[in-house]
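Next up: a single chain in structure tokens, the form predicted alone.
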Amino acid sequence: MPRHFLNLDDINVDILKSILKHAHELKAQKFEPPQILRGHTLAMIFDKRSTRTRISFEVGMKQLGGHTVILNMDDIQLSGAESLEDTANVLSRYVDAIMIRMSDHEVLSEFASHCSVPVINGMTDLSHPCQIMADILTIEEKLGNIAGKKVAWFGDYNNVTKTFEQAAPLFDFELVISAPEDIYADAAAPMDAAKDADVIVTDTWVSMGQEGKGIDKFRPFSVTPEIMAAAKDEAIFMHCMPIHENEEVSPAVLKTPACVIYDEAENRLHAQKAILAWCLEEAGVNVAAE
């Protein structure tokens, strides 16, 4: 059975914590990365535009000595005349692991069920586990163990929010969601959510494929200096990007020391290297440093 990485709550928390520990170690070795993926190839499949996912996976694989093949959905038969099962079986004979960034989570899950190599969820409309692993890595770097911390989410209720919901009971942190009540019934008022928070986090209000979506109802949930002032003095601000200033966040917040968005973006690289190493460990990868 291959080690897929599709949803955080599919994986034992001790394994997730060991992946994060390895991510910290790999970041410390960023200028002399161990060549633990030498001879391995990762296929990366996209049906959405990508900056951080594409670059972080490609650079991460190559830093650790591996190779990548980059494919758009139109380049292969995954959305064409060939069945999911046939495409999965053929790709499994060519590469050692597959990362997919696509809209339909059910299609991703079905595809993974037919693969004999690990499949990594690079993002679907339902979940974004690699992003949350990078976010937890960032929180631990800045604030220490995430257990017991208060994370306050502002804005839309989307794939990133839902993955934070998966992570909260696993890593024992408090998650408070401040969003319009028509999309999240148990939402907290913005200032209540921000009060004594360790982490303030948001995301774009209009994800890819949602162009034309109305945003007025989200404006009360914009992260402003007043929101940050209600949080703890050492609180950090996170956003997985791309950012739309004066929508989900005020430009003033982005200019404060609390803003850690670039550390967060870099940590996609290190978290995903550790995810790749775990997924491929049974394929002969030695995850210990050389």
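Remember, predicted model here, so these are calculated numbers, not experimental data. Start at 1 with the first residue shown and count on from there.
Form predicted in complex with a small molecule: not shown, discussed below.
S.K.: The small molecule isn't shown here, but in the model of the complex which of 38, 49, 255, 244 has a heavy atom within 4.5 Å of it?
M.R.: Only one listed residue qualifies here, and that residue is 49.
S.K.: With the small molecule left out of view, which of 228, 43, 26, 240 would have a heavy atom within 4.5 Å of it in the model of the complex?
M.R.: Partner contact (heavy atom, 4.5 Å) among the options: 240.
S.K.: Each of 128, 131 and 268 near the small molecule in the model of the complex, meaning some heavy atom within 4.5 Å?
M.R.: Heavy-atom distance to the small molecule in the model of the complex: all three under 4.5 Å.
S.K.: Within 4.5 Å, heavy atoms only, one stretch in 229-237, 27-35, 255-263, 50-58 touches the small molecule in the model of the complex. Which?
M.R.: Only one stretch qualifies here: 50-58.
S.K.: Within a 4.5 Å heavy atom cut-off, is residue 149 in contact with the small molecule in the model of the complex?
M.R.: No, residue 149 is distant from the partner.
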